[in-house]
Every structure is written in C-alpha cells, then in structure tokens.
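In structure tokens, the next block holds one chain alone, the form predicted alone.
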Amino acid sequence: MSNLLLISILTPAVFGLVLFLLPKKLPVVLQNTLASLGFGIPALIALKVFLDYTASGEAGFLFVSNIDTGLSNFGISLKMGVNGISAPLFLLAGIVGLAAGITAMVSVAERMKTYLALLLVMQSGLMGIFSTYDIFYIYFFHEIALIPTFIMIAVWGGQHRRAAAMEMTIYLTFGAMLSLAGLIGIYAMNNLGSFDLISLSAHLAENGLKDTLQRSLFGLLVFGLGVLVSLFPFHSWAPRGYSAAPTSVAMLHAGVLKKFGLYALIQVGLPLLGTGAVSWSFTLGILALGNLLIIGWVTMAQKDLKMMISYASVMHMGYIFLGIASLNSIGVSGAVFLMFAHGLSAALLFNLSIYVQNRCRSFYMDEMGGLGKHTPILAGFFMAAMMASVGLPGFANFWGEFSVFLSLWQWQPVFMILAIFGIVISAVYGLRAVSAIFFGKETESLEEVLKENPVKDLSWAERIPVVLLLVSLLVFGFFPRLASDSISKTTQLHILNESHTREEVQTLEAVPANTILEQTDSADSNAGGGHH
C-alpha cells in the first residue's frame, strides 16, 4: 500500500513527461490514452487507499514508508502515509483529477499535448500533498502543483489571463513565503531536527513551545495559508484567477489545490500549536464571516456565470474556516468533510459552466434564458450541482455545513446565526442563476446564436466527468459514514487531543467516533465545560 502512494505521485508525472517528449503531431488516440492512464491510475489508487484506510478503523497514519531523498541530515525524507484527515482529500485529488483530465480531453484547447502534460504534472503534485506526512514535502508538492497553474492560466486562459496569472503569482508567492516562515519556525524551535509530523507531535506533547511563540507561529500560518485559501480580505486574486483560468485548471485549483492551506492548518497547525490556535480562533472566525457575508453579497451581484461560481467558491471557504476556528471535534471534523464536498461541487460547477458557455457563446447570464428546453440534461445536472453547493440534504455538502453549524452553537451562537445568512445568500444567487440560464424567454443574443449554431445537449463524453463528480457527492451525501468515522477518530485523537489545554475556549468533550450524524444526536449530552 505504501508503494501505491508513491506510484500515485509518479504515474501522472511520468506520463506527463512522456507527452512532453513525444512528437508534436501525436495521434489523438495515443495522446488521450496516455493522459487517461496518467489520470486514471492515481484515481483508482486513491479509491483503494481510501477504502482500505476506512475499513481498518484506525485513527493514525497507515501505509507508512520512508524514502531517503538525500536530505536526511536536515531531518527531511519523503515519509509516505495517510490518516483520517488526508485519506478523503487524497481521494478528492484522484476524483477531481480524473474529471478534470477528461474535461480537458473533450475540449478544443490548442497545443493539447502540452496542455495535458502540464495538467498531469499538476496532478502529481496534488497526489503528493495528501500522501506524505513530512511538512517539507507537503509544502514541496504544493509548489509542484502551483507552477503549472500559473503557466496554464497565462497561456491557455481567457480574457485578462496574463494579468490574472500575475496577480495570482504575487498573492500566492507572498502567502507561501509567510506560511513557509511559520513552518520553518516550527522546525527551528522544537530542537528535534525533523519535519516529520508524527515525531513533532510526540515531541511537542512533552516539550511544548512557549505560548507567545505559538501565537506568533500560528499567526504566520493563519495569514500565510489564509492568502492561499482566499480568506477574507486576502481573496481578490481567486475570483479573477478562476474566471481567467482554463476550466480543467479551475477545477483542480479551486477543487483540490486550494485545500492545501486548510489541510496544513488542520494537520500541522492544530496539533502542534494548540495554544496559538486558541488565541487566534476568534479572529479567524470574524474573518471567516467576512467570506460568508461580504463576499456572499458580491457573489449575488455577479452577472458573469464563471465569475459568480468563482466568488461562490471563495465564499464557501468561510464555513470551513468557521469549523476550524471552533476548535471542537464536531467543527473540525465537519470542516474536513466540507473540504471534500466543496472540492467536488466547485469542480462540478466549473465543469458545467464551460458547457453552458460553449452553447451560449457567452458567460453573461443576461444573454441567456430558455436554454433548458434545448438542453434538458445539462439543465438537470446544473440544478443538481447548484443544490449541492447550497447544501441541500442528500448531497455531501449538507453534512459538512450542518456539523459546522452545530460546532458554532457550542462555541459562538452569534456566529452561527450570522452564518445562516450564508445559506440564504447561496440560495438567492444559485436559484437566480438557474432561472436566468435555463428558464424564461430566450434573449435576443441567444436567439442569434441558435440561428447560426443549433444547440445540442451534453454529449456522452461531456457527461462522464459530470456523472463522476455528481455521483460522488450523492454517495457521500447518503452514506456520510464512508468518510466521517475516520475523520472524527483522527480529529479527536490526533488533532484536538494532542493540543495544549484550552482554558480560553469552551470545547466539546471527545465524542464517540461514529458518524457526524451520531455526533449531532449526542451533541447536547456531550457539550459542557470540559476541555481537550
């Protein structure tokens, strides 16, 4: 199993390199076959790893291996393994990567061979982030995935692509440097000489860092990783970047790569800097409400479909940050579950947006209308995707958001009341978009398009990535225990319980590691003055 983790990283990188080296006039069948293997093999490995991990009933890192990369003198080696936090996100990277790859192959991008090769390199980095527990390599694989992102936006992006790529580069480089300073600070101040999460957790449990140092280091992580995750008010790069990005890149970045900052905050920040997390939790909660309420209002004002989806993706980061800020088991578990669900729904909406644009020749919703009678299958998929994003029961997003609301009620009830307005905002812009695109009378602009190019519904090739993402949302929506058991076990035993005592913040006592729903049923009996 540990070898499979390494294969999931190497496979897309190798197939990407092969595509780079092959002649320009490569047969389309061979090109797509190589790309399909490069995206498909990691997806299958991710599914097997996830199922085997959840079946094990364990809470710690499994499938562990240690690969010497010549940096052992600095306490750095490629240590492979997944736990209950990384296993569902590893699966997310595999599913969204496969969907993005298929979307790319059915597109009409120029220089397709190079496009697919860069996308495969990006996929390699994404698989690496969630399959290692060495902090250095978590960061390293993030950078591996980020570099192709800039290139692909600048070369294959839409309107204002170079400006958007430059803005992303500046923002994300700044955020990466801040977060790197925090990670190096953890390494330098623990006197262990290791970036290994397991060793660091054990060491700091016995030799904790001073409170003032923890506050400083956690602050660097909050703002550095917050920039990478588009935490308000450091979010402006994300909507413009996603709007300009090619669809497959937007799917991978918004769906998977942006989860790096949240993942690092949960996997690294909470267990290693517990006291620092306490001191920053209220501030983090306030900024997260900015994502929900302020960015939510901006989302409602958008007339460009892809820009609206971009802002909506940023808005919903607020729920995840609120779950983290609550510092209780239900909230952090819900945040991880919502990271998985949000990645699927965001990728699905970006995927469907390009299908709408291809048929209407525009992203502006006031130039659409009545498309549903020409494309009923596309309309049905789009409505389902929007309902998933809003958090309708039956989709995976519901369980994540519901758990976050429960955690807020235990921590800051006022925050929960304010966060509920986010649901209203989501419903408003979501239903408005569905109505403007698929129902009502056809606009003059759309009538002109229909005269020149009769609109067809989704082809079978276009349906494959949509079905893959939508079925995943429904499976985890109806059977949340597939992920929630392992998430909650790891959260309780290896994230919150390894943090320092939190006298300043009321937290939930450790609850039985069952489903998020079962945690919900027992929330009242478990809540109280206890502390982790």
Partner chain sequence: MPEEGITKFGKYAMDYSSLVSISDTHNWIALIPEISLCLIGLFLLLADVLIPPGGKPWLIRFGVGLNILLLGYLLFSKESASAEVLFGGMIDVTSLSQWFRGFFLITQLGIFWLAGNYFKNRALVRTEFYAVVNIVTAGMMLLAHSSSFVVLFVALETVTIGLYVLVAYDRNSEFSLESALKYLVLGGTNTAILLMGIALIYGAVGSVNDPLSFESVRAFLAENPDNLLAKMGTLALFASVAFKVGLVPFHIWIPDVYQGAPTPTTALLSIASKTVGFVLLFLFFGESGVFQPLASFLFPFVLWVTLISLIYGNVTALGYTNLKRLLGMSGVSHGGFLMIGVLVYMKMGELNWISGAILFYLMAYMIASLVVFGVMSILNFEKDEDQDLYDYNGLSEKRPFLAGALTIGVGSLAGIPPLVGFMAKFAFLVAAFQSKMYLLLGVALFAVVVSIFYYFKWIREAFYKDPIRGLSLDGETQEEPSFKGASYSDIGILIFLGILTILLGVFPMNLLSVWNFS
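Numbering follows the first chain given and starts at 1. Note that the coordinates shown come from a computational prediction; the quantities given were computed from them, not determined experimentally.
The same protein also has a form predicted together with its partner chain, omitted here; what follows describes it.
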Q) Which of these stretches, 397 to 405, 349 to 357, 295 to 303, 179 to 187, has heavy atoms within 4.5 Å of its partner chain in the predicted bound form? A) 179 to 187
Q) Quick one: of Leu458, Ala264, Met307, Ile144, which gets a non-hydrogen atom within 4.5 angstroms of its partner chain in the predicted bound form? A) Ile144
Q.
Just to confirm, with a 4.5 Å cut-off on non-hydrogen atoms, which of Phe415, Phe438, Trp237, Tyr139 contacts its partner chain in the predicted bound form?
A. Tyr139
Q.
If we define contact as a non-hydrogen atom of the residue within 4.5 angstroms of the partner, is Ile76 a contact of its partner chain in the predicted bound form?
A. yes
Q.
My question is simply whether Met166 lines the interface with its partner chain in the predicted bound form - judged by any non-hydrogen atom within 4.5 Å.
A. yes
Q) Using heavy atoms and a 4.5 Å limit, would one call Phe421 a contact residue for its partner chain in the predicted bound form? A) no
Q.
So in the predicted bound form, is its partner chain close enough to Arg162 to count as touching (4.5 Å, heavy atoms)?
A. yes
Q) Which of the residues spanning 64 to 96 lie within 4.5 Å of its partner chain in the predicted bound form, based on heavy atoms? A) Asp68, Thr69, Gly70, Leu71, Ser72, Asn73, Phe74, Ile76
